[in-house]
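Below you'll find only one chain, the form predicted on its own, shown as structure tokens.
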């Protein structure tokens, strides 16, 4: 049995039951039928599973240890469950064999109560086949300050491989892309486990190593977007490799031109645009060409093709960029806009870069992918610096998948403009603290990436 699909289906069956008990009497046919469908499906699962467990961890929902992803299909159901468990401060719900229809209805009824009454009911009423674990005080905040060693190791290992790969090409050495493939699978696993944790590391922006950082960040952003639209592990690996190699053609362009601070002349700009063509040639030089290499070649050539048919290199009217090329097109633009470079010393604020992508959907960017990308990163992406109505400054640490305009922040500057090691605040739950506007971290001498390292 597919555990992921089973969890997704069960969440989808609980949603109408919960909505029904909010509107109808518990003996109404709508409630009874919804509960019957839920228990029938659960009984089917119990034929191969000893128990059914939903766990909420770091704003993710796990079903029998399998993380349920926020995908376009079923997004509302998962969003609902996450909000419900968060509101009631539930860490886990376990269902056991012989679960009855009446138990399911009664449990759905107490879930709709306010926090205090729910906790009282769940502690005093005995549900024989339903077990609930409640979050301890500060337990959720402690999750955010746990050691991120594994994620950091994955990121910096990938950065090292990217640097070595491009430096070998710059110096004309033979390159085997298999080492990058192994790293990509590590990133795929990290994205699957904690997409917001690894996305936070894309705030690392090294001016001196822009090409390497940019390539890796585009790969990570592309993987997160690919996962959100439901790509399987094999295709995620292909997409991640393509993202990592999308700018590889720049190894044939002088570093002086790439790092030039002044505006490029027409001749220089024509040369720079050739990196898409050069990318095809560079990938063809590598050892171990296979289907993944062919995908990377296509993306390297097409990643500056626009949705409306413009862009470069020139193409025939009938030619359309592939899905992977359209994904990398968005991620490449976002990371470039939000990174300081010689000719762009002050980068775009992340929320403004998203606004640019949003306003150019149907012209530069695939409209569906642009919407999913915004949903993924949130209105204020991780690493954004926010001025709050309290006069404090907060740094976005994680997104709330269900409330993309109300992220989790860490207070890092107090009302008197003093740098502090403040608390982590969930803006979706805090009624006192509100966002006034995004601001530049440079004003306060803040390096956002340092908070994730």
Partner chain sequence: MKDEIDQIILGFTKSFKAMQMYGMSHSSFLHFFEPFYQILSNFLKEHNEFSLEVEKFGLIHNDRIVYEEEEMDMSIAFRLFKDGIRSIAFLSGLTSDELLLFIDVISRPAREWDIALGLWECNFAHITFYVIETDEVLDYQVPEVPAIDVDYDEKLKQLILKEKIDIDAVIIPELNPQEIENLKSNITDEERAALLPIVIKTLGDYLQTECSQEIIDGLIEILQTCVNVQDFRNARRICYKLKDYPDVNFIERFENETTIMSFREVLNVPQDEIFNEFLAFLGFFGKRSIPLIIQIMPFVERSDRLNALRHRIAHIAGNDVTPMIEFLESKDPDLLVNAIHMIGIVKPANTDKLFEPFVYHKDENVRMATVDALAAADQPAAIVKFVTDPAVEVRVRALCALGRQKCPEMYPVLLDRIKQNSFLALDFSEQREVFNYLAAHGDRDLVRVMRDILYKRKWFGAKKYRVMRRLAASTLSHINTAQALDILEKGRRKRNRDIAYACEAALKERPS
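The structure displayed is predicted, hence computed values, not measured ones. Residue numbers count along the first chain shown, from 1.
The form predicted in complex with the partner chain is left out here; the points below concern that form.
Colleague: Would residue 278 count as touching the partner chain in the model of the complex under a 4.5 Å heavy atom rule?
Modeller: Heavy-atom contact with the partner chain at 4.5 Å: present for residue 278.
Colleague: I'd like to know if residue 27 sits close to the partner chain in the model of the complex, meaning any non-hydrogen atom pair within 4.5 angstroms.
Modeller: Contact check for residue 27: no, nothing within 4.5 Å of the partner chain in the model of the complex.
Colleague: Whether residue 273 contacts the partner chain in the model of the complex should be assessed with a 4.5 Å heavy atom distance threshold; does it?
Modeller: Output for residue 273 is no: heavy atoms all beyond 4.5 Å of the partner chain.
Colleague: So in the model of the complex, is the partner chain close enough to residue 127 to count as touching (4.5 Å, heavy atoms)?
Modeller: Residue 127 lies outside the contact set for the partner chain.
Colleague: Counting any non-hydrogen atom inside 4.5 Å, which residue from 86, 214, 250, 181 sits next to the partner chain in the model of the complex?
Modeller: Contact residue from the list: 181.
Colleague: Just to confirm, with a 4.5 Å cut-off on non-hydrogen atoms, which of 352, 170, 80, 312 contacts the partner chain in the model of the complex?
Modeller: Answer to the contact question: 352.
Colleague: 64, 204 and 449 - do all three of these have some heavy atom no more than 4.5 Å from the partner chain in the model of the complex?
Modeller: Yes: each residue has a heavy atom within 4.5 Å of the partner.
Colleague: For the chain seen here without its partner, which of 364 to 372, 240 to 248, 103 to 111, 259 to 267 has a heavy atom within 4.5 Å of the partner chain in the model of the complex?
Modeller: Careful reading of the contacts points to 364 to 372.
Colleague: So which bits of 339 to 358 sit within 4.5 Å of the partner chain in the model of the complex, heavy atoms only?
Modeller: Residues within 4.5 Å: 345, 346, 347, 348, 349, 351, 352, 355, 356, 358.
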